[in-house]
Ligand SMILES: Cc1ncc(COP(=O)(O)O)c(C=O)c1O
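First, one chain by itself: the form predicted on its own, in structure tokens.
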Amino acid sequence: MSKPPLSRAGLGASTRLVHAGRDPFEQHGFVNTPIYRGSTVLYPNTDDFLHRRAKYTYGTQGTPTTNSLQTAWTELAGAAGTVLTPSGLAAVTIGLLACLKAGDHLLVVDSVYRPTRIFCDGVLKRFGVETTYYDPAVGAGIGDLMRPNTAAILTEAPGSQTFEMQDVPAIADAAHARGACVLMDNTWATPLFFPPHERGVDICIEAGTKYLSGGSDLLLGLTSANARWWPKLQATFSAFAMCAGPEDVFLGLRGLRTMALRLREHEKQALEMARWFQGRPEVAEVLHPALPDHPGHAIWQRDFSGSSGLFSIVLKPASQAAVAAMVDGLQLFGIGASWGGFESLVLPFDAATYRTATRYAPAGPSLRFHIGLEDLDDLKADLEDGFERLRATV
């Protein structure tokens, strides 16, 4: 006798992560949906083919593997639907292309992920979309920047590298009053810590490469939409056939089941390290929105239920050689541009080189950290050695 379908109403996020998007009894009792590879899908007869009477019609339009992750993520994000792309940047671009056309105006937060800025200033400009960058602190004042042809607003909270917070609900209210679509890059928080569609976001973007993976071993993007924007997102995705690889989707599904557990540990580890950095004489500022002295802490506290393992610090004035001596000698912090995996990372950056609407003028050099799952005493000891090298180098 088969079991009745599980009702997930009222279940906690961790429980839903374990059970969403899978039905073992559709897979002969095996717990996980297997990897389906393929392009051609066969139909039983001509009539079914002509009327496309099939759950799966072609490899680019989805498989049981992709459907499993899309279904689970749609439930987690509180969306009407989700599409999977081969990278986080691809998730951004498919979301933007779903709501923009030639002649439109786009507003983008000045602290946005830099590859997104490159796409807007390059491809979108070439196709007749004008982009204006705005101060992350604008809030409801975004309405003053909107034009009759402003079709979309792209938010990201906290900001990439510099961690400014945004009042997303206020921006959404102003945008919707004028008929514009609100997009958000929610990779830092994931839907576990920030439920995007509940906060007014129409199209939400996640780099599954980061916390969904947890292993630094896949490239994957997820773009979800509410009921109003889902048909346009789905149609745009189908037109591009920008589908993710089956192995990466399977790894995403595997990571999904433990994401809540890992995020809680990353949050705890990062907060302790952020407070430790605050006590260091070499550090001028710690950029972490969950710290009470962060300028956007009140917004974070109101809208978010947690924080992840990524934040930045600003050092007191130091030479490039001194920063290099500190960073290059670290044993437990790899120098890498991605994050969200089990390992700790560090990345020097200078946001002043590409900001256009705001000025980034920190007291000294900036470093972005991702705090992994290592023992914190070991991470602190490694950094203490690094700070000693920093002080010793002119």
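Model, not experiment: these values are computed from the prediction. The numbering used is simple: start at 1 and walk along the sequence shown.
The same protein has a further form, the form predicted together with this ligand, not shown here; the description that follows concerns it.
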Fill in the blank from the handout: Contact with this ligand in the predicted bound form, heavy atom within 4.5 Å, among 294, 197, 210, 105 goes to 210
Practice task
Report the residue, out of 263, 89, 271, 242, that has at least one non-hydrogen atom within 4.5 angstroms of this ligand in the predicted bound form.
Solution key: 89
Handout entry: Proximity to this ligand in the predicted bound form (heavy atom, within 4.5 Å), stretch among 69 to 77, 126 to 134, 162 to 170, 184 to 192
Key = 184 to 192
Practice task
Report whether the minimum heavy atom distance between residue 339 and this ligand in the predicted bound form is within 4.5 Å.
Solution key: yes
Exercise for the section: May I ask you to check whether residue 110 falls inside a 4.5 Å heavy atom distance of this ligand in the predicted bound form? Expected result: no
Practice task
Find out whether any non-hydrogen atom of residue 202 is located within 4.5 angstroms of this ligand in the predicted bound form, and reply yes or no.
Solution key: no
Practice task
Look up in the predicted bound form whether residue 146 has a non-hydrogen atom within 4.5 angstroms of this ligand, and give yes or no.
Solution key: no
Completion exercise
Within 219 to 238, the residues having any heavy atom within 4.5 Å of this ligand in the predicted bound form are 219, 220
